[in-house]
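This document starts with one chain, in the form predicted alone, laid out as structure tokens.
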Amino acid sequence: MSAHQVMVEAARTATVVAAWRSGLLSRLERGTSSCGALASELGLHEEATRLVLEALAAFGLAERTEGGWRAAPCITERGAAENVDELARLYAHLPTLLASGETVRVDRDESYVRVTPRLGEMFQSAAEALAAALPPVDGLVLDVGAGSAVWSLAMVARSPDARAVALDSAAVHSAARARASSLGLSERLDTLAADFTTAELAAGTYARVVVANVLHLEPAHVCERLLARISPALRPGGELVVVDVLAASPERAAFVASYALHLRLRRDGARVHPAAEIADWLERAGCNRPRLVSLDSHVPGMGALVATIRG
């Protein structure tokens, strides 16, 4: 990266943060308005507001129309504006993390309930692509840390003889039920309210176990222990599917690095685990060496490791 590119990236970051802090970004998301009206409504300097709007447009975050200015589709689609708002709040804590290693202090249960439906929308296309890449499943699909159950329900939708079991806190089961209802799968979803790190699972019960976007929240020793705990719940020939952002191609290095920082801001011990490391855990948990299904075209750096239980 050249010195000029560094300047552009710094300007991009500073502009987005300023637009967030001033309320300009969220106001653009709510509808079109003229520069003068925006400045007046938000108590901003009109010329400076125009310059920031033009910069946001250059960065692909705003659009100029006949009626004034509005947020670009990448901000308005699928709750992206709310995601930007949360990210800005999160990264405002970065100087504290850098100085002390202290993570953001939030009510994790409340935050999880709030973002679960949005995460379901965000990962829908990736979940459908993964389901299409796997063979139909006959039996129960256990979704560990299910959230909205977007991954297991996509598999059940393609497998008429399958049922999903969403294992997560009771607080987010409504999101899973809402997604199942929207897909016409309400009768093929069961919920299990438990902490997946301690839940007792009957041996040899499930045709497939999905662990999606869970491992990155924990340090390596916790992840390995979790996979070892849940693998006996698979019936002979069953599959253990791990979905996550995987430290892989150089082309995704910037995204993976930023995601790793994002995780560490949220939780002690959180990190991006390389695919080879997860594959080793799966083998030690009693599975054959997994195959990789790339989901990178849907979510940068994302993939699924699919392993069959031995014996």
Ligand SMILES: C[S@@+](CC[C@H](N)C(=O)[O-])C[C@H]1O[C@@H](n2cnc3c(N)ncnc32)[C@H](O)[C@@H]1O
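Nothing here was measured: the structure is a model prediction, and the numbers come from that model. Numbering starts at 1 and runs along the sequence shown.
This protein has a second form, the form predicted together with the named molecule, left out of what is shown; the following refers to that one.
- For the candidate set Thr103, Ser231, Thr191, Ser169, a heavy atom within 4.5 Å of the named molecule in the model of the complex is found for exactly one residue, namely Ser169.
- Stretch-level contact check against the named molecule in the model of the complex with heavy atoms at 4.5 Å: of 200 to 208, 114 to 122, 134 to 142, 157 to 165, the positive one is 114 to 122.
- Although the partner is absent here, Val150 is a contact residue: one of its heavy atoms lies within 4.5 angstroms of the named molecule in the model of the complex.
- With a 4.5 Å cutoff on heavy atoms, Glu187 does not count as touching the named molecule in the model of the complex; it lies far away.
- Interface residue remark: Phe196 is counted as part of the site for the named molecule in the model of the complex, having a heavy atom within 4.5 Å.
- When contacts are judged by a 4.5 Å heavy atom cut-off, Ala212 counts as touching the named molecule in the model of the complex.
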